[in-house]
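Shown below, as structure tokens, is a lone chain in the form predicted on its own; questions about how it binds or moves come after it.
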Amino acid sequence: MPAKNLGIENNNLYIGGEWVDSTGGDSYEVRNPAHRHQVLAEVQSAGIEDAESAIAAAKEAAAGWASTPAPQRADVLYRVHELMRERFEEFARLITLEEGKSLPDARGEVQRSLNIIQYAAGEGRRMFGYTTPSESRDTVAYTLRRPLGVVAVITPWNFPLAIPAWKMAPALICGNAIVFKPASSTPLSAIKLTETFVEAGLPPGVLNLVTGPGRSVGDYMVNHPDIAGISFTGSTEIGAKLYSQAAATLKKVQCEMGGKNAVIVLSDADMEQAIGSVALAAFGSTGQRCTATSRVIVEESALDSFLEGLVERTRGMTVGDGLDSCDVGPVASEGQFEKIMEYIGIGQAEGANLLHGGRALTEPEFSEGLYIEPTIFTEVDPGMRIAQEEIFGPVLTVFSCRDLSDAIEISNDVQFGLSSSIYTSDVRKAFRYIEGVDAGMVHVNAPTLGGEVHLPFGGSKASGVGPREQGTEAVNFFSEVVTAYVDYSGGT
């Protein structure tokens, strides 16, 4: 059934400019993680035939959209931006209902989506090439950009609006047609976003939406000869497989994957600032973001005071239904809930000290949802699984270090390299940290979270492969550079 009470008119697939049922007639329920008995909507489940139809529709529409002047493509994005601003609270509420994050977090996600779309629209008048002197007489040499053609956008559940927006907006401004596969557990924001693009005047076939579970659909898209580029955000395991498959058919690929982000707190830091930042970045959004802080490395002389303040701050955080504007919402799914609780058990079995939390909340006010108390482990050895593996939940591991060099060594001793942060009042140490830490994004006296839309987003090592997202890097990924030589000598 369509979720009209949620501001959504459709529960269908969107292919070739039409809202259609899946070929197999399959559907599934989307539930509220804060109240698992509450069915938000019943959504269509796409199969291989639907994916093929979506790719064919995108291929048919690609040439027309590519030939549309980029400033005219920008007009559609500006209209999307306008419509989303008008429905800001509708989008935020929908994110909270289907993903579980607190309403303030959801509002932040909507604002980030607006920023991304606005920035990408501006690129419609900034898709610059360059001219250069030719070594040949009577010759003009210059570069221009050309869209890839049909691209696949595959997105995760934890940012059901912002991540699709930061992939789709630059893909569209560059002139590509899209086949969009959102996460199965959070398809409603994707449907509402697609409806907004349709209302804004995006031509039929330029954006195609296939919802539902099933890795087979994703694999089919990755291996399809008419898909020229793939933008993926998700686990390192799936991203590595996808990158390998796509490379075999010479597709252009970007994969934004996992993180095990560390904050270094030196003894000269502003402790109140550091404590507040770590608590927010570790437990906000229930720790379910790739840039969340999952490790904190504290200089020995400051460890006791830092932990005392961190526990006090964590105890003051409210847990509950995200619509109540709490600090920590429910875990997004039963599978994720079980994974987090398993890791908490692993940490205890490994000998780490459970300083705070560590339990599923089962009191009557939590009985309908998937709630885990914010959890802090101390006395963690860098080789422990809870120190090395991505948990993706409200679990923080604390390490002690001798000095900055020791802290950087601990920070780098993981397979991931997405985001990192340091708190210090010594600018010399800050720059040594920036030069020595293995991460794609570094922060000084600021949390590991997020970033700004006009700057590259992404990580190194197992956190990312392929070109970065956002900013001019997004335009670079979703287009190809063509070098033109024009000989006007007339053959003389």
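Every value quoted in this text rests on a predicted model; they were computed, and no experiment measured them. Residue numbers here begin at 1 and follow the sequence given.
Not on display, but discussed next: the form predicted in complex with 2-aminohexanedioic acid (UN1).
Q: Examine residue 112 and determine whether its closest non-hydrogen atom to 2-aminohexanedioic acid (UN1) in the model of the complex is within 4.5 angstroms.
A: Contact check for residue 112: yes, within 4.5 Å of 2-aminohexanedioic acid (UN1) in the model of the complex.
Q: Could you tell me if residue 457 has a non-hydrogen atom within 4.5 Å of 2-aminohexanedioic acid (UN1) in the model of the complex?
A: It does: once 2-aminohexanedioic acid (UN1) is placed as it appears in the model of the complex, residue 457 has a heavy atom within 4.5 Å of it.
Q: Against 2-aminohexanedioic acid (UN1) in the model of the complex, would residue 289 count as a contact residue? Criterion: heavy atoms within 4.5 Å.
A: Residue-level check for residue 289: yes, a contact with 2-aminohexanedioic acid (UN1).
Q: My question is simply whether residue 105 lines the interface with 2-aminohexanedioic acid (UN1) in the model of the complex - judged by any non-hydrogen atom within 4.5 Å.
A: Because no heavy atom of residue 105 falls inside 4.5 Å of 2-aminohexanedioic acid (UN1) in the model of the complex, the answer is no.
Q: Tell me, please, which stretch of 162-170, 318-326, 338-346, 403-411 lies within 4.5 angstroms of 2-aminohexanedioic acid (UN1) in the model of the complex when heavy atoms are compared?
A: Looking at the partner contacts, the answer comes out as 162-170.
Q: Which of these residues, 450, 440, 47, 466, gets a heavy atom within 4.5 Å of 2-aminohexanedioic acid (UN1) in the model of the complex?
A: Spelling it out, the residue with a heavy atom inside the cut-off is 450.
Q: Which one, 277, 96, 233, 294, lies within 4.5 Å of 2-aminohexanedioic acid (UN1) in the model of the complex by heavy atoms?
A: Spelling it out, the residue with a heavy atom inside the cut-off is 233.
Q: Using the arrangement in the model of the complex, list in sequence order the residues of 308-330 with any heavy atom within 4.5 angstroms of 2-aminohexanedioic acid (UN1).
A: Not one residue comes within 4.5 Å of the partner.
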